[in-house]
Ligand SMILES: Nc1ncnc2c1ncn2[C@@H]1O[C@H](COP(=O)(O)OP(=O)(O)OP(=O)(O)O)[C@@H](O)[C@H]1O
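Consider the single chain below, provided in structure tokens and representing the form predicted on its own.
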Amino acid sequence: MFLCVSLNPAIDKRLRLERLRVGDVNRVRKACPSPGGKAAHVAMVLRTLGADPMWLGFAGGATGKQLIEGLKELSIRVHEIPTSASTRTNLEIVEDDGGVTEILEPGRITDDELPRCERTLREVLGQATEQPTVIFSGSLPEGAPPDIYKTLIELAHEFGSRVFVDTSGDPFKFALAGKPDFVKPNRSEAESWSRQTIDNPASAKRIIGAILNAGPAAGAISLGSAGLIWHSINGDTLFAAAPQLSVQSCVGSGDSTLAGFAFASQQRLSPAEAVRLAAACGSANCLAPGPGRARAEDIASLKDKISVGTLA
């Protein structure tokens, strides 16, 4: 059972144009809306890998209805928590030269909606017939306390769940204290937490070690085109180099990577095979028509090209 929890979902809209002209009129050649927010991307890739994930999150207004219908069209099970505020819209502007600009709206929830989320999560986990893998990913909406992920991690652990987390800033710092089973910051998130620069795999190894000392059992730092580093409290440090690709956009690649790690854990793959699959999922997302739309054939092809080694 995979449960992808989204406190701040969105409709993602990828806009394609020749060049973004700031302060001027821009005519878009193509607009592609799709279900969004990091947890939705994770659920999409899990579905591509052959899993049957459930998405649990807030949704409101016309955009919320569009989000829920879009997830169902992708054969993703949905447990919706209605909100008074409309679900936000995020823009990803892709230029012909490869430049990508993101414009992210804030989400909002009210004081009574967050406890509803906790009750719903408890109910869903209480009905589980197998060990759940719960994935908390994404930013927080306005109105949510920065330690909410810690609270939800501890709730999920009450039901024996494996817990995966991908967030940033204060929510990431508080989440570590909840002792999740796995965390996956990207380079900038890890640098922000540690207040150190990652300029090579060795510095990434030091920082992921420090992150795990703060509570998680295992974790990885996605380094974009520089690769992926994985470490666990009781294991070696592994590094996967990123393959050379003709990139569409890398928005959502971290979410795709997290999905690969979650799926590998459920399948009980070895650490090296888990890293290889996760790196392939993240790389395949760069070739996809939208965030979270990594294709199964790309994942399979790239997995054969990715080498994983131990980092001394």
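It should be emphasised that the depicted structure is a prediction, and the values quoted were computed from it without experimental measurement. A residue's number is simply how far along the shown sequence it sits, counting from 1.
Just so you know, the form predicted in complex with this ligand exists too; it's not on screen, but the next bit is about it.
In short, of 28-36, 239-247, 64-72, 44-52 it is 239-247 that has heavy atoms within 4.5 Å of this ligand in the model of the complex. Comment: this ligand is not present in this chain, but in the model of the complex one of 56, 59, 264, 286 has a heavy atom within 4.5 Å of it, namely 286.
The single contact residue among 223, 94, 81, 211, judged by any heavy atom lying within 4.5 Å of this ligand in the model of the complex, is 223.
Taken together, the three residues 88, 141 and 144 all stay farther than 4.5 Å from this ligand in the model of the complex, as judged by their closest heavy atom.
Mapping the unseen interface onto this chain, residue 251 counts among the residues with a heavy atom inside 4.5 Å of this ligand in the model of the complex. Although the partner is absent here, residue 227 sits close enough that one of its heavy atoms falls within 4.5 Å of this ligand in the model of the complex.
Among residues of the shown chain, residue 279 is one whose heavy atoms approach this ligand to within 4.5 Å in the model of the complex. Contact annotation for residue 186: at least one heavy atom lies within 4.5 Å of this ligand in the model of the complex.
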